[in-house]
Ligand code: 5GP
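Next up is one chain by itself, shown in structure tokens, the form predicted alone.
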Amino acid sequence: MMDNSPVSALKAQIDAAHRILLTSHIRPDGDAVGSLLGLGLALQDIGKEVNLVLEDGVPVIFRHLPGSEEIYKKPIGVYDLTIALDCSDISRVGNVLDEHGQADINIDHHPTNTYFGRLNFVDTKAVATAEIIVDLMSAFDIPLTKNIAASLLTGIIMDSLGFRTSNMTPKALRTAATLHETGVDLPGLYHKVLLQHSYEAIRYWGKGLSNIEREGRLIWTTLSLEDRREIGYPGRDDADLVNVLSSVEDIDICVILVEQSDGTVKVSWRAQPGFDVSGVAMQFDGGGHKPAAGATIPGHLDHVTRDVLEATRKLL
């Protein structure tokens, strides 16, 4: 059950706006893309002019989603309202809001959210930001179409790793069922976003797996720019290798560090129940959830690896 006060305030701002800018975080995942498209299509259905923006564009694995071709890398024009989705802090949107200042509305589910919006709608019990969007659509009496449901269900599937993360709830499963009832191909979505990988991604995994190291109940690996160039992997992420590492038995925490071309290193942590890696990520200006967190850290790959492992060992 949603608190009617913030819902009413949110609805009032949306009702008053004509042109709305929606954005989400850099290196977007399924919840970022799914929430953006789901809310964007819903707002279009009630007559709003919407500009959907992701600084890094739409990853290939999500380009099958209806409306993905409407997502741009830069804002166009001026807006009455700006909404940031699935971002724990304002820096996660990249440069999208530079000309627009602070986000008017911040909708998110991360416990590490910094409440950076003028109006903050943060539900840390939600499995995904997409789940929050479903609740808001119900509160606003906006019908769920099949296209909207496909995007929002993608967000829930991705952030819950196929309904198997430790924060899964009966409510999230009921929400997924509601989305499925629109006629969305649940098995097809599941296969596309969780099981299907490119040839280059699998070869990229090989590089990461060959670099894997273990220390007690901690494992980690690195992926360098040279690894990416040699394989020809087009992304800047780890190709979901971190979820492979998290499946290793007798391990409490896994870490993957991916060198970026801008002199930073993208770090992802995964942890078993009982460990809170979001606290470690926050030491490096990152954030996330207790079992899954990330940060982008300036520095050389070797130096960042040393510092990150030192901080992670203290948690263990």
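Residue numbers run from 1 along the displayed sequence. Predicted, not measured: the structure shown is a model, and the values here were computed from it.
Same protein, other form: the form predicted together with the ligand, not shown, and the subject of what follows.
**Student:** Please identify, from 287 to 295, 63 to 71, 35 to 43, 50 to 58, the stretch that has a heavy atom within 4.5 Å of the ligand in the model of the complex.
**Tutor:** Selected range: 287 to 295.
**Student:** Within 4.5 Å of the ligand in the model of the complex, heavy atoms considered, which of Thr82, Thr129, Ser151, Ser88?
**Tutor:** Selected option: Ser88.
**Student:** Taking any heavy atom pair closer than or equal to 4.5 Å as contact, tell me whether His110 reaches the ligand in the model of the complex.
**Tutor:** His110: contacts the ligand in the model of the complex.
**Student:** Using a 4.5 Å heavy atom cutoff, which residues in 127 to 142 contact the ligand in the model of the complex? It's fine if the answer is none.
**Tutor:** Not one residue comes within 4.5 Å of the partner.
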